[in-house]
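Shown next as structure tokens: one chain only, the form predicted alone.
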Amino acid sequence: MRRLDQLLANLGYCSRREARAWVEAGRVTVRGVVATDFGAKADPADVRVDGEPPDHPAGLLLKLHKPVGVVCSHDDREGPRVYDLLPARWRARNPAVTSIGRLDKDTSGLLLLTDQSPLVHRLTSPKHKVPKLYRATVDRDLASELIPLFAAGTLRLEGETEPCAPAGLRIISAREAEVTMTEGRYHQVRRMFAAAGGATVLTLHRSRFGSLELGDLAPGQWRELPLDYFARESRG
């Protein structure tokens, strides 16, 4: 049960003050009856706003194909944001929609977005070891010796003392490889190649998060997922 003004404000329809005006204008009904008290509590399932059910009252989980050139920051001073690709109402939700982990500005691919903080914690916590698959192209030929080095769990990034967790490396061609990793340190894939052999990553793309594939989703496009997607995955 939630207050009507709080429900509308939290779902991004308007401010709490504006929500009160919406109720007073008769735009909100509860079980088919026009609401008159903006402070009244109701089950979101019983509420209609301009005749329509509330917009995702239980929360949002999205997969998005992040293009190169957009950032995962909420600060619009950093440039175009992934959140600008979403409907305006979703950008105004409280709690805010945020990314589950980040991809840097020059990395493309699968990004998860949600307003469910427990899900963010569960999928980014190192103890859960959720695998992510990246494809990288680099500026020099890749030696096969990098495969056991990535897998050993002994590779240290510049400026860090704790070695990286074991990661899978599959060399596709002389200068292209796939990396499977369970960590999410700052610019980690790029720094691993630099630390292992001095290679500079030219392009980086994430195609999988856990068992979730990016698939045919076009750059800049998003798709809704069930909120329990990863819970169902863990149950097998």
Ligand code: URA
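Each residue number is its position in the shown sequence, starting from 1. None of the values given here were measured: they were computed from a predicted structure.
From this point on, the text means the form predicted together with the ligand, which you will not see here.
Relative to the ligand in the predicted bound form, residues 103, 107 and 204 are all within 4.5 Å by at least one heavy atom.
Put simply, of 70, 60, 189, 199 only one has a heavy atom within 4.5 Å of the ligand in the predicted bound form, and it is 189. Remark: residue 134 counts among the residues lining the ligand in the predicted bound form, judged by a heavy atom distance of 4.5 Å or less. Between 26-34, 41-49, 180-188, 166-174, the stretch whose residues reach within 4.5 angstroms of the ligand in the predicted bound form through a non-hydrogen atom is 180-188.
Interface residues of 144-169, taken as those with a heavy atom within 4.5 Å of the ligand in the predicted bound form (partner not displayed), are absent.
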